[in-house]
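Taking the form predicted alone, here's one chain by itself in structure tokens.
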């Protein structure tokens, strides 16, 4: 047996049955007065609608002869939305979008190029779209954590940074330790997941391949490729983000900008 053992219409009936879990969770959160019941329902509804919408798009794309034209628009949308979402985490930093977007694009694009060259990503929409989504999505998530931590580090240690500048350090050296701390902090969740692969949980890509009937060894190989992709893209994105952020933290005279003091 390969793949999910039921069709689309039966799948909708099963989905409705499994929604009983949501009802149970909403009841429990209401009883505990956590105040997140409405947000939880809204989030699941929004996520479900988005998933079905992208499924319809993919259904069309997979059967469209000129898919290689449309796929550029889809990848571009991933980068734009990812950059905008990540920029919202960079609280107080003006025009953070101009930092997060090229960082996510660079990290994700380099990874996808390597996957294409090594044939880990066959050049068909069924492979390009989900792998690109994972690459840009995880680069966005890691970049968001990095930017949030970097801003916090700079604001909390502005006195130390000013002292370093007054003693002759340039802006790059003055903020280096804080940028490095931000990069390490942003990668910790990913590295922790990597350390526990197959022990605490079977991650998404491998689980999907197994349900699709793929040999477990091949599924494990591909899951490792996916995590190399995530770590690689995330690391490149954060390094570039911290580099570009310096021009937003310091002015032309290598002084801290006003927003740092807000």
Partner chain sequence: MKNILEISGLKKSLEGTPVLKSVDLDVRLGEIMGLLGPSGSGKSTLLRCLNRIIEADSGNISYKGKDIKDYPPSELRKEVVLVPQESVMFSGTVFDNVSYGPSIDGYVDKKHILTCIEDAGLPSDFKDREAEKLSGGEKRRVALARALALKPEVLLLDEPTSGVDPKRKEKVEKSILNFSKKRDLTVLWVTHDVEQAKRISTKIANLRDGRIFRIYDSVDFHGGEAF
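Bear in mind the structure is a predicted one, so any value in this text is a computation, not a measurement. Residue numbers count along the first chain shown, from 1.
In what follows, reference is made to the form predicted in complex with the partner chain, a form of this protein that is not presented.
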| query | finding |
| --- | --- |
| The partner chain contact in the predicted bound form: residue 191, any heavy atom under 4.5 Å | no |
| 4.5 angstroms heavy atom contact with the partner chain in the predicted bound form for residue 168 | yes |
| Heavy atom of residue 164 within 4.5 Å of the partner chain in the predicted bound form | yes |
| Touches the partner chain in the predicted bound form: residue 180 (any heavy atom, 4.5 Å) | no |
| Proximity to the partner chain in the predicted bound form, single hit among 94, 76, 159, 122 (heavy atom within 4.5 Å) | 159 |
| Listed residue that, although the partner chain is not shown, lies within 4.5 Å of it in the predicted bound form (heavy atoms), from 110, 173, 185, 71 | 173 |
| Candidate stretches 248-256, 18-26, 5-13, 235-243 - the one whose heavy atoms come within 4.5 Å of the partner chain in the predicted bound form | 248-256 |
